[in-house]
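Here we start with a single chain on its own, the form predicted alone, put down as structure tokens.
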Amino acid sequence: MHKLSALNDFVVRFANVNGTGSASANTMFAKAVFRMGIPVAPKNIFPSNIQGLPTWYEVRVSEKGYLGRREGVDLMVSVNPQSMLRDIKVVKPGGYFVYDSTKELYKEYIREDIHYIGVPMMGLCMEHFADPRQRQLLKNMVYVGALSALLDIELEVLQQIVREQFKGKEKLVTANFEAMQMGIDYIHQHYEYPLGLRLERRDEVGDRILMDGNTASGLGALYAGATVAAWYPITPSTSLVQAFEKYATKYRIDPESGKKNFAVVQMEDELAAIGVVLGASWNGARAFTATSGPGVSLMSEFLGLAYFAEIPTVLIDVQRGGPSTGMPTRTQQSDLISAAYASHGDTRHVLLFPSTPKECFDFTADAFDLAERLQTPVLVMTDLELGMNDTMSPPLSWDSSRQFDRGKVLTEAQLEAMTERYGRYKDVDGDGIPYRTIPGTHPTKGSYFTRGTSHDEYAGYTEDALIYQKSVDRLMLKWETAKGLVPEPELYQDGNQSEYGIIFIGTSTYPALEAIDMLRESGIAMDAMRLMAFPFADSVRDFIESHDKVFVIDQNRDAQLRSLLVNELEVHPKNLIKVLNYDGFPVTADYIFKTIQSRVAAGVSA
């Protein structure tokens, strides 16, 4: 029978039961590959209940550095009887199926075109460990040990990871070592090893780190000077605020009094959370919230208030499957329209699209400067794939000389020297951005009444049609100013080299770049642009208009990114070709490649 063979280029998927401690063992496997200098991309696929249902952990190993998902599984580690039948079906012909052979496989689970490697994981643990819970946990380490023999993982690397994981708990270190060795010994005694799939040390990682985007965003908020986080827990954004609180507790304690120099406020719902952010920001604090699609829906009214009353507001939206409750633990990029135009009436909000943990860190920090400079909401649009999965990334860095950009804030001296009447919503500089004050700056000057109703330049209520139109037109001038402040899109070629283009954002970047390489090898050249922010720069329109057809990757059903491009740039919809993925799993390079290749072969019609 054919056996798959590959060096440093394959996909391993672990099939476990949620709540059995498998996540720790699976992460150790991914870290071991990473520490052997081989690029790795782990994806955690888990249910929305606490425990008991199937969960998967997929690891893409790619010496070439491809970090997106790839179709097909080369090696499956299946220890969950509930999902075993479907787990067997996704293994590629010639691939390998590692399973717990404590109990014999049913006949219907046997495929003639894959290779079975049975390891009695639970049986070995029952022989060596007395505690039932310990047996369940250490079963996972048995298959980690088996994989180290099958794939040629350096045992010293795994052992170091175990020491770090259980630092100060020597008994746990010893038990985990024993469990791993049981898996190794069993493979040595019963199978040929290593497999056709194997690992070999490389130096392709460089200074990159493995980190999840939520932790990076939490750190970005900390470094940006945020002192208030108001939130309501919601998957997949919960760990972001938890990360902020963790690091703030470590670094934001007054050395003299021991008191916290920050506040993390859990509210009764998302509407109340964004209300706290507006109140804190209006009072001069740097405040933020984190949520997902359902939270954005609830926060829309207050986002409209922040837009119209011009209150700096930072929101990190870790997108998930929708609508309604949707699929809480699946990824999508399906909040683009709702976030861009959140609230009733004419609103437009600045969006930032990070694609790596470093960009989560950088863009979150930048969001506070942009929000205060523009006096408007800024939403950082990540997703579950980036937020909750460890991702290879350039290291985080911070310029210690960096000064916070508080925007146009009048000081006491400036207010004291002012002879004319202060106009909170008066465009003095012609850029659409007025000057604001922070409460308490001056005893008598600079005060105004903040309102979400129609107002004139001095914050006075008005229903005068011309004054209202002038007010909302100034907000559009501010929007034009924002185009010069947000990150520029990234091009992947010098000048136009093809009649075809491709546009993508965020986590679509990894599979898109791999698909471009695949298309090039098949004879189809493709120019590429990654959008990093909304509003779109003029160069985005230029890119679209300079190509006959532009493929737009959307990880949602309704082509929301394409809709934004058509709506904002007024380009012809027929020139933008949809590439849609909305099954809750990250889009793959294979899918992008096949979709574009078939459309080009068919003559590319919208």
Partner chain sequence: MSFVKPKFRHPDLPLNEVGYSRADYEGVLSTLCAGCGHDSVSGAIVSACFEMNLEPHRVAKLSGIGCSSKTPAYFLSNSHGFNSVHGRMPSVATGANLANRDLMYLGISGDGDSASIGMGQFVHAIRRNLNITYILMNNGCYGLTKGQDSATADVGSVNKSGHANQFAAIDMAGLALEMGATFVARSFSGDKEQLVPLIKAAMSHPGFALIDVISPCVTFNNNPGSTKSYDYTREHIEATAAVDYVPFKEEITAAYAEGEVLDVALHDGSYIQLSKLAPNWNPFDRIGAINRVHEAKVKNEILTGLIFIDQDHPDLHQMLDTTATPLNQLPQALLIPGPEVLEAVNRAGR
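Numbering follows the first chain given and starts at 1. Quantities reported herein were computed from a predicted structural model and do not represent experimental measurements.
Not pictured, yet referred to below: the form predicted in complex with its partner chain.
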(request) Answer for Leu197 alone: is it within 4.5 Å of its partner chain in the model of the complex, judged on heavy atom distances? (result) no
(request) Report whether the minimum heavy atom distance between Lys107 and its partner chain in the model of the complex is within 4.5 Å. (result) no
(message) When the contact criterion is heavy atoms within 4.5 Å, does Gly275 count as touching its partner chain in the model of the complex?
(response) yes
(request) Spell out, yes or no, whether the shortest heavy atom distance between Leu222 and its partner chain in the model of the complex is within 4.5 Å. (result) yes
(request) Taking 4.5 Å between heavy atoms as the contact cutoff, choose which of Thr325, Ser522, Ser447, Gln469 touches its partner chain in the model of the complex. (result) Ser447
(message) Which residue, Met532, Val228, Leu155, Met518, is the contact with its partner chain in the model of the complex, using a 4.5 Å heavy atom cutoff?
(response) Val228
(message) Looking at 477 to 485, 171 to 179, 124 to 132, 391 to 399, which stretch has residues with any non-hydrogen atom within 4.5 Å of its partner chain in the model of the complex?
(response) 391 to 399
(request) Sequence order please: the residues of 461 to 489 with a heavy atom within 4.5 Å of its partner chain in the model of the complex. (result) Tyr461, Thr462
